[in-house]
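Shown below, as structure tokens, is a lone chain in the form predicted on its own; questions about how it binds or moves come after it.
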Amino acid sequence: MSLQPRAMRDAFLEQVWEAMADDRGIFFVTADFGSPVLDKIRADFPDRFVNVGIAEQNLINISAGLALEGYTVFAYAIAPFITMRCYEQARVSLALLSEVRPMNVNLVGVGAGYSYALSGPTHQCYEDITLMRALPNFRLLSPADHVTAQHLFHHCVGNRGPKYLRFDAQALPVIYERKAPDMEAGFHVHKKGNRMCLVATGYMLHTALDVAERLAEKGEEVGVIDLFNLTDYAVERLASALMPYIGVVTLEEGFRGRGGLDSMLFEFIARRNLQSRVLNLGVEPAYRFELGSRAELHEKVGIGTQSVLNRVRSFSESLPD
């Protein structure tokens, strides 16, 4: 039986709720942001649940204080607000303080990229990869379906330090039907190709798989890699996976050329002395106010399936034989 799509936050919070029954060291903090599963956490564990209200700066500082007392903390809010509204607090109280004091704080941001498609640019989030990967000591986790999100819970509990989990607000199609990807590797190879590989994170993995399928119908096999851990992936294994390709395409639902996945892969390829040419595909760096479906918005900003397909075909033609 095929797994039904489920919201990432519900799959993840279900794991938190189940674990809180046995582990009194888990504490949950929210900035006035809810979900059906969160109602169960609040009802069953009122002594380890705090709603700080619409006050994300306070959310971070309270979470840091609880972590210094030994709790494993999960802090929950809308993605742009748990990253940008409280960035200084994340820097000082989590990134900086974790340098000298052990702590485990997990920021759960819901609404990555364009997943709040109808809410406009205030609630959409194109900057979070750039901002959070800039903070030392932070892990940045970006799943593409609820199965990966669910399994990230144990990764969060088992690893100290601050983390940022960027969850989609929509229930996305299930990619990992049979089993979850290897959490320790931080990436998963979905397809192997001949000359070119698509490296995607979050929602854009769905686009990458769609584009790869369309190219295969025309006789061109391209590789596809899901990079869901943007900070602590297995370096040697990723280098080996990319080594055969003369062309690498990065796909992210964030601003292109602003220090996100594209910058990370550029540096990685240069440091590992790989010989791949790189094409970066992301959101054109400007704020737009049009409303529409996610697919429509993606085409407007250059990351829709057809836009990506056209760019990848042109890139492939430019590669040496």
Partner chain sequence: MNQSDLQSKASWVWRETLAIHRRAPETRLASSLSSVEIFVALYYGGILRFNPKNPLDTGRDRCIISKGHGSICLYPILADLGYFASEELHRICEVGSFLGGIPDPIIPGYETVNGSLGHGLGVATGVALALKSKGSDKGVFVVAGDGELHEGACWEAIMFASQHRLDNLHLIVDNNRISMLGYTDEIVSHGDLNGRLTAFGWDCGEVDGHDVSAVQAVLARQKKTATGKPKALIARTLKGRGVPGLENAPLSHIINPKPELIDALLETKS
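Residue numbers count along the first chain shown, from 1. All of these numbers come straight from a predicted model, not from anything done at the bench.
This protein has a second form, the form predicted together with its partner chain, left out of what is shown; the following refers to that one.
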query = For residue 280, is any heavy atom within 4.5 Å of its partner chain in the predicted bound form, or not?
reply = no
request  = State yes or no: in the predicted bound form, is some non-hydrogen atom of residue 262 no more than 4.5 angstroms from a non-hydrogen atom of its partner chain?
outcome  = no
request  = Report yes if any heavy atom of residue 57 sits within 4.5 Å of a heavy atom of its partner chain in the predicted bound form; otherwise report no.
outcome  = yes
Close approach of residue 72 to its partner chain in the predicted bound form, 4.5 Å, heavy atom = no
ask   = When its partner chain is placed as it is in the predicted bound form, which of 63-71, 252-260, 31-39, 287-295 ends up with heavy atoms within 4.5 Å of it?
value = 63-71
request  = Would you kindly say which of 207, 89, 170, 150 lies with a heavy atom within 4.5 Å of its partner chain in the predicted bound form?
outcome  = 89
key: Among the candidates 96, 134, 174, 246, the residue which, in the predicted bound form, approaches its partner chain to within 4.5 Å (heavy atoms)   = 96
request  = Output the sequence-ordered list of residues from 134-163 with at least one heavy atom within 4.5 Å of its partner chain in the predicted bound form.
outcome  = none
